[in-house]
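Listed next as structure tokens is one chain, alone, in the form predicted alone.
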């Protein structure tokens, strides 16, 4: 009996593949990996969606540019301040303050200063010492004892890694390092030492991102486990969620939120495992003029926060 004309087996039945259609497995060039995000910013997309700058009361921000590098800012806030209490009810005290700021922005140097009517002074400095090494200084001065803070950060940016060394008051020392392992995966670690409290810790983190999603994991010796996930549904809509477990207090919290970008506004909202619902709206009324709406509702604690504001100037 003669064999069939197409040959034996399934390969003989299927039509032959044209030349060049065979997919070759992509090889990862481990010597040409992208530079990862800074260690403290691996949850950037989740924080932008789940933790907007909520406020209660009235807020008005005005920024006036004097030239291309120097600008002045004025901020007015009128609202309420929550006071810690032993009861379950939330106690609020009316408060108001004015804030004056000065900003100097240069490609290699940034100076930002803020002074408030209650005597607090905030200052930030960012200076590019070299193309790869950056110095950052953050300081907060107040008339209240033991509340003033200062931090020096030295950030080094490599081709496929980042490293940071921190020095702060209260004998604080910290360092972190993050490395790109593949084009989509980066992993890092951090350590810190707080001399005045004789406490130390170590943590590990990983971040996996594609064009459509970002997932992160953080584990620390302080007993914190944190996960976040952001899914880009479309060019305008993103969904985000996070999960945190504290082994020391045995507390578990999670939240789910959305980020919706429209032509003239941006709407963000979330709901967490404690039943707290929040929303934040930024609407662009005109060039350099934005209207803000903020709301947060906690039915269990009978705590309701509503705010509206306006920002003028870029």
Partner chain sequence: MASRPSLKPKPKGKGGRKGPQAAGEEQSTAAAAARFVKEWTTWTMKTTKVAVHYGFIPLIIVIGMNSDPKPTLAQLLTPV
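Small disclaimer: the values here were computed from a predicted structure and weren't measured. Positions refer to the first chain, counted from 1.
Omitted here: the form predicted in complex with the partner chain. The next part is about that form.
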Exactly one residue in 232, 97, 157, 124 has a non-hydrogen atom within 4.5 Å of the partner chain in the model of the complex; which is it?
124
Answer with one of 244, 102, 220, 78: the residue that has a non-hydrogen atom within 4.5 Å of the partner chain in the model of the complex.
102
Which single stretch, out of 249-257, 62-70, 41-49, 270-278, brings residue heavy atoms within 4.5 Å of the partner chain in the model of the complex?
62-70
Is there any non-hydrogen atom of residue 189 lying within 4.5 Å of the partner chain in the model of the complex?
no
Report yes if any heavy atom of residue 150 sits within 4.5 Å of a heavy atom of the partner chain in the model of the complex; otherwise report no.
no
Can you tell me whether residue 92 touches the partner chain? I mean in the model of the complex, with a 4.5 angstroms heavy atom cut-off.
no
According to a 4.5 angstroms non-hydrogen atom cut-off, is residue 183 in contact with the partner chain in the model of the complex?
no
